[in-house]
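Next up: a single chain in structure tokens, the form predicted alone.
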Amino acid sequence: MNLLEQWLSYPAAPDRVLSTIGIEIHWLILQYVLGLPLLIAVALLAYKKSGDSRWERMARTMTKALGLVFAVGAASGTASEFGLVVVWPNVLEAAGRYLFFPLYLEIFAFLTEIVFIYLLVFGWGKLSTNAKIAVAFLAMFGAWFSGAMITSVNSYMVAPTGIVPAYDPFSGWKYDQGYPKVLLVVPREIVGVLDVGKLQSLGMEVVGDTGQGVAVKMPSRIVARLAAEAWGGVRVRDSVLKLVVKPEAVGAVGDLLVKDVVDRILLLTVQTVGYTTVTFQSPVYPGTLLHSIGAGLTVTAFTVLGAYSLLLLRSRDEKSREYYLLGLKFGAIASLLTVFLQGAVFGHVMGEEIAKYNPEKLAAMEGTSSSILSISRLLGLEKLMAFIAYGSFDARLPGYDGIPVDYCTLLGAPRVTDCRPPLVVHYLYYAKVGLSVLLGLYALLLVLLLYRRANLPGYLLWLGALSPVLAQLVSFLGWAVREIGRKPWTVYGVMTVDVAHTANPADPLAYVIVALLFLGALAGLVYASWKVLYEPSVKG
């Protein structure tokens, strides 16, 4: 199988490539906004306890770095958000109409970040140590608060609240029963014109009466079809709905737009679930939040480790070397703790959630297809991975080849030729896991050598200087697996990428120019960090 060809075969390929560049560059930067405030607070606490001025110097350097990355991160984030609005207008319209609350709160989280990060940066000389510690924790609160809001919406896109997956780890796929299904609340006036018997024959399950409507589990292929018709301007008489509307009601509702019908259903569903909490009830939200913050902490910790490794390699001044060695030890311990938590705890929680609520993605991640060379099969890990994912050796990993190519479409709509996630995520996922293990082993070795006060060979320091790049690569691969593995869905079980994207895409040359602007901003940040942080540090 040609993996690149499969990935490009999904709709809106140029839009997806541009979004990947913009969002990944923003993600690369904002991880430091998630991680630096906590490390600054810890360094300040160490300074308060020991009185060792090297800790304060370290905290001051990290604060300068925080000011730099936040400025560029705010700019890249604004550009990314504008990009999402114009490239994916339909999904943003739906998010604004039905799921606005976390995005609205994110504005206040952003304001909190601005106030306390810049108070820390520009008020450094005016604040006491206790005040700096308090401000650092408040800056961390603002950054994590922002992350909590954004990841709730992204979690909803990965597994909407009320999704019922199509896989049971003991009995297999359930596509023949109409799964995956989405829990919706249909208003009474709409239920009154529908032939419930026909809908049940298509796989719809009636859950119960909610007062204002009827809760149903609706097959996602019907939901996706209705979403495509809603944003395609289709009327009921030309819709798949006509097949399930009572014959005597077709005359009364035939001229209605499908979007009006879908709007009533989604509004009542969100109101019933709770408009302020619906995204936070996504079943993959806890793992997503932990894993995202964990990524920020891990990347930041390895960057501190890498920076002080490089300074040790370049410096010949003994007094400065003592300071750099303290910074290296701090970075090494933080790296070991965060990489362990990220892999063994946070990653495991998220992996279990994906296994249960997005089994098609797990099938692609594990490469359970006979058409590719599967690393997990080659290493004999399939039983072990099934146990890790489902907690039982009797469980089975979902087989990729058992996923119907058309499980997300109904009568040819939405226009997706392959509903299975791209198998390239298998190699991205195992590259990520392999590099994570190597980074963890390196951090463990470094901590052991530092505590035994052994001389560090030069190649270990060079590896340390390289480790931030590897940590960023691991994080990039993790986010790529999450976003690419969701295809062809934009909102799993609800909206596919061909429905979500703009109907008027730009010329590829325009996309290249925009991508270069994002890359230019990243190059500017690297240059500024070199001039503002690295060169003054080398000079002492």
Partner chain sequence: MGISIFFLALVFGIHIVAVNVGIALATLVPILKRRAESTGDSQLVEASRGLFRIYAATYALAGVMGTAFTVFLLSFYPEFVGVAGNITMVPFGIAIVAIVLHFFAIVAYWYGWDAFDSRTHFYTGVLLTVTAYLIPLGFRAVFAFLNTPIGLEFDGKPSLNVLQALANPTFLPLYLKSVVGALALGALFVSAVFAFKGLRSGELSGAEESLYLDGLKWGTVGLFAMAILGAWYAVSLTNTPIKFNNIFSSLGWAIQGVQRFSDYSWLFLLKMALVVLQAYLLLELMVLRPGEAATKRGYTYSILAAVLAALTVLTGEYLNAFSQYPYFVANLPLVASSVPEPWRTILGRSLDLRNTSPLALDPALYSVTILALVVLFAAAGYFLYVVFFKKE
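Numbering follows the first chain given and starts at 1. Everything quoted here is computed from the prediction, not taken from an experiment.
From this point on, the text means the form predicted in complex with the partner chain, which you will not see here.
Using a 4.5 angstroms heavy atom cutoff to the partner chain in the predicted bound form, all of 122, 270 and 503 count as contacting. 97 is the sole member of 415, 452, 319, 97 with a non-hydrogen atom lying within 4.5 angstroms of the partner chain in the predicted bound form. Residue in contact with the partner chain in the predicted bound form (any heavy atom within 4.5 Å), chosen from 377, 246, 356, 259: 259. Although the partner is absent here, residue 89 is a contact residue: one of its heavy atoms lies within 4.5 angstroms of the partner chain in the predicted bound form. Contact annotation for residue 387: none of its heavy atoms lies within 4.5 Å of the partner chain in the predicted bound form.
Interface residue remark: residue 116 is counted as part of the site for the partner chain in the predicted bound form, having a heavy atom within 4.5 Å. Residue 21 falls outside the set of residues with a heavy atom inside 4.5 Å of the partner chain in the predicted bound form. The stretch that touches the partner chain in the predicted bound form, counting heavy atoms within 4.5 Å, is 105-113, out of 434-442, 236-244, 105-113, 402-410.
Residues 64, 67, 68, 71, 72, 74, 75, 78, 79 are the members of 55-80 with a non-hydrogen atom no more than 4.5 angstroms from the partner chain in the predicted bound form.
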